[in-house]
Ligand code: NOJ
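The chain below stands alone, shown as C-alpha cells; this is the form predicted on its own.
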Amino acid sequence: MTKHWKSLIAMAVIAWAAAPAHAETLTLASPDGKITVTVKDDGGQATYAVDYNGKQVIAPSKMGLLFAEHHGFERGLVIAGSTAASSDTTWEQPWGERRLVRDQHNELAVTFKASEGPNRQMTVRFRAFDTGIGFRYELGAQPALEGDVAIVEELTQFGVGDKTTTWYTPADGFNRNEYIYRMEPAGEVENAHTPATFKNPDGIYMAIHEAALTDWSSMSLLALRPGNFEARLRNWSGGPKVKTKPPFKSPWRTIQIAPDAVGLINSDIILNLNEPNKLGDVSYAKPGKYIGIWWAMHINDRTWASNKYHGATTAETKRYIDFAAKHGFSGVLVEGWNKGWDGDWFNNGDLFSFTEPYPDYDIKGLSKYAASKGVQLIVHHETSANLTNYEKQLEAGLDLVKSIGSHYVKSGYVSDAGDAVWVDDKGIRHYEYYDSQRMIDHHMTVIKAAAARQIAMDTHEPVKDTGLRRTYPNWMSREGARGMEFNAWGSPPNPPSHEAMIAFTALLGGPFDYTPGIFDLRPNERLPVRPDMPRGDPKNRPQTTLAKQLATYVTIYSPLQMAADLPENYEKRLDAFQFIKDVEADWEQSVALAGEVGEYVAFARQGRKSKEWFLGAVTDSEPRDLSLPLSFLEAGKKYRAQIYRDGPHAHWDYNPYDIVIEEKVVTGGEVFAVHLAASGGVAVRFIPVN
C-alpha cells in the first residue's frame, strides 16, 4: 500500500471518529401547533428549519459564530443536550400600541458541543410564538473562550427561497435606512436592512428582524446564494464585528410568520423578546402631541443658522408656544437653538454646544413661559454623529434640559452612514458606521444618562428599533426610515405607496416619528419667504391628499406625534385640524384590520385615556373602495362617527384638498364602507352615543 493511500485511510478514520454516530433532531412547536422549528446537528453543523401549517418557510439553515483568535462554532458540532419550557404571561406597557401584552411561547434551548478541537459549547435558545419565532446564541464562560473575544462572522442563515417576494431597503448606502422601499424576488436581493418583509410562493408572509440589540452590532441580510441570506454584522472601523467576552448573549433573530400581511403587524414578538422595564417609574415619559420650529427650515422659510432668518428665536418660539397652548399640544420642539449651526455643521460635529444657546434664544425664559401655559420645550440635540463631542457634553447638556423642567430631547445624527466620529485616548479620529457596535453602545450610554435625569428620547438618524423601549421606556420614538422632510426637498419625494409600505416593514420594529400633518401640500409652489433662496422644486411635495395626512396619525404609530406644519397653515383649515387635536397618541389597544404590503392598510386604535376608538386607512396611487368591519366596537352599540374622508374629486396630484368632513351614527359590528382617492385616506373618531 502506498504512502498516499495510507494517508487517505488515516484521514478517513479520523473524520469518521470525529463525526457523530447519527444526526440528532429536535423539534419545537408554537402554542397553536401551526409553527414547527426543527433543529439538527446533521453533518456536524448546527441547523434549523421552520414550517408553517406543514409548509416549509425557512429551509434548513446554518447557525454558528466565528472568532478572530478562538476556535469557532461552524463544524464538528453535536447536540449535547436540550431543555424545554413554556410560558404564558401578560404584562403592561407604560405606554404603547396596547396597554396589555400577552407573552405566550414554547421554548427549546439546544446546546451544541464541539467534537473536535478545544472543548467548547454554545447554546441556541429558541422561542416559538403563534406569530413567529426568535432565537439567540448564549455562550457561557469556558476555558476555550477566555478573555476578550472578537466575533468576525455570525453564520446565521435564512433560507427563504429565490422566488419569494421581498420588500426592503438596501443596506450599506450612505443614507442609512432612508431609502425608498424596493420589491424584488429574494433571488435578486443583495443586502437588505431589517425589518425585511417576504411573501413566499405559498402565500405565507414573513418578516426577518432582530430584538434586544445591545452589546452587538446591527444585522443586515447578505445574499449568499439566491434566496439564501446570512446575518451580516456591521464591523468596527478597522476591526471585528463584535467585541465581547463570555458570558454573552446575542440579540434575538426574529422571524414573524402569518397567513396574511396584517398578521405581521398584529404581533408582539419583538417586544416580548426584550427584557422587562429596568428603569422603574417612567411616568415622566408621557405620550403626547407636539408642534415645532422644524418644517419652516425644510421649506426654506427659516434657517437653523443664526442669521436674520433664524427660526429659533425667542419671539418665534413664543408664537409656537401660544399656538400649542391654544390647541392642546403638550410640547414645542425647537431646532437650531444652540451654538454650532453656523458653518459646515454637517461635516463638523465638533461645532455643537449643548449648553450654549444663541443670543436671540432665551431658553430659560421660554421654559418658564411655556410652563405657565402647560407646555414643555422639547430640546433638540443635533450631533452630526460626532459621538465624542456629544459624550463629552452629555451630562451637562442633559442637566440643562432637566434644569428648565423639560423631560424630552430629540437627538439627531445627520451624517453619511460611515462617518460617525469618535476620538480615542491618543487623539486619533475613527469613523464608524451608524449601526456598528460602537454606535449601539453610544445610544445605550445616552439612554441611561437621560433616564437618570427623567428625560425621554426621540432619536433621529438612529439605529433601527428592536423593541428596547420595553426595557428602557424613556426611549420613546425614533426615525429610521424616510420621514416627512423628504417631501420638502427629496429627490424624489416619498411615493404614494410609502405610508402603506412602512406599516408592513419599518414599523414592525417599533414607533416611527414620521412628523405627519402637512396641510400646505404644495409648499414649493408659493412665493418664497426668503428672497435669498430660490423657489424649491414644485415636484417636491407630499404626494398625498389632505385626508391621508390625517389618517397617518392612526396608521403610523408614535407615542410622540408631531403636527409638523406651520401654525398659520392649520389656522386656515381648522375644520380638518380638529382631527389632529382629537386623536390620541397613547393606546389601550390596536389592531390592523386589512391591508397589503405597499398598497393599503387600515388600523383601529382605542385611546387609553378616552377609551374612544379611532380608525385610519391609507392607500397608494390606486384609488380603492374599502369595506371595514366595525368588529372592534361593542356589538349593537351606537356611535357618532366623525369622518374625514377624500372628496369625490380628490387626487393627490391635481386635487389634494378635496375633503369631506361629516358625522353619522354607526353601529358596532356593521361594515364601514369608504372610498379612498389616489394616495388618499380616511380618518374617523367614534364617540359612544349614551
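Residues carry their position along the shown sequence, with the first being 1. Computed from a predicted structure; not experimentally measured.
Keep in mind the form predicted in complex with the named molecule is missing from the figure; the text below concerns it.
Using a 4.5 Å cutoff between non-hydrogen atoms, Trp475 does not count as a contact of the named molecule in the predicted bound form. Taking non-hydrogen atoms only, Val414 approaches the named molecule to within 4.5 angstroms in the predicted bound form. In the predicted bound form, the named molecule lies within 4.5 Å of some heavy atom of Glu479.
The closest heavy atom approach of Tyr361 to the named molecule in the predicted bound form falls outside 4.5 Å.
For the three marked residues, Glu153, Glu210 and Arg234, no heavy atom of any sits within 4.5 Å of the named molecule in the predicted bound form. Proximity to the named molecule in the predicted bound form, taken as heavy atoms within 4.5 Å, picks out 335-343 from the listed stretches 335-343, 591-599, 315-323, 119-127.
Proximity to the named molecule in the predicted bound form, defined as a heavy atom within 4.5 Å, holds among Glu432, Glu382, Asp465, Asp565 only for Glu382. This chain is displayed alone, yet in the predicted bound form one of Trp294, Tyr553, Phe158, Phe135 has a heavy atom within 4.5 Å of the named molecule; that residue is Trp294. Heavy atoms closer than or equal to 4.5 Å to the named molecule in the predicted bound form belong, across 293-308, to the residues Trp294, His298, Trp304, ordered by sequence position.
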